[in-house]
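Only one chain comes next, encoded as structure tokens, the form predicted on its own.
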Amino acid sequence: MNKTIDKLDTVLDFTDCRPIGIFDSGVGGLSIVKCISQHLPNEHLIYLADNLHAPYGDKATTFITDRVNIIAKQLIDRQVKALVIACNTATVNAIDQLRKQVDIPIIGVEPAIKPAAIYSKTKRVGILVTQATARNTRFLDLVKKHAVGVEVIIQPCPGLVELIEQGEINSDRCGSLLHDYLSPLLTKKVDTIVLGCTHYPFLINKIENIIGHSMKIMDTAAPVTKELHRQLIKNKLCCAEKQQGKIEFFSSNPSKSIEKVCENLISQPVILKSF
């Protein structure tokens, strides 16, 4: 258990057991679902994978924004009390405009640039991102703001999301792409690598096989869960009932093969419903 996340162990005088909506372009956001479910076990979750349109990494900003707004409406129609955009690409492209339209808490996913910059001893940090994130102005502004005095190597990783979506994590192709994308970071002698896509935590073991265990790898599941917890308490939205929360899974293109991929990633049975 990540020690930075406080457990909900105080007695609350309110309870709100409506679900929390979580969505991603595909299955990558399940890395966030796993963390939320572990640390906020009483909360009910609805996970929505827009895999019909995955990946978002090669899509235009206008397309990503339209999909985010459509999905947010779908989840709000299901009476969710908070939204988690479990997708780095969707966050950097569309969260600001969505927050202007929606009056429930919205938690986004952003690369852990600031903690990586603080942690790095060599002052060289690598960030693995999708193509859309790599060219996004909001993301580049975050790098500029939080990485003063630090050399940041931004590495786009086309093809990785697709392989994870297809359940090809252990394929030769996936290993080959990882070698190609990690090589420039090793050449630059970075000591910290930031995973700038929620799909990439599922590749941590393979990444460590290539770079070894001396480098620090940072993802965003724990910080997102902590911020969600803070927002739930602040807005009196916690579900304080002593029960195990349920998780519902939805997809824009459900299939048995995607169910199997989800089950392998989250280590529990998954029934995908259409939305």
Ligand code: DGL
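Keep in mind the model is a prediction, meaning the values are calculated, not measured. The numbering used is simple: start at 1 and walk along the sequence shown.
The following text describes the form predicted together with D-glutamic acid, which does not appear among the structures shown.
The candidate stretches are 143 to 151, 98 to 106, 198 to 206, 171 to 179, and the one lying within 4.5 Å of D-glutamic acid in the model of the complex by heavy atoms is 198 to 206. Interface membership of Val194, defined by any non-hydrogen atom within 4.5 Å of D-glutamic acid in the model of the complex, is ruled out. In the model of the complex, at least one heavy atom of Val161 sits within 4.5 Å of D-glutamic acid. Residues of 45 to 63 placing a heavy atom within 4.5 Å of D-glutamic acid in the model of the complex, in sequence order: Pro55, Tyr56, Gly57.
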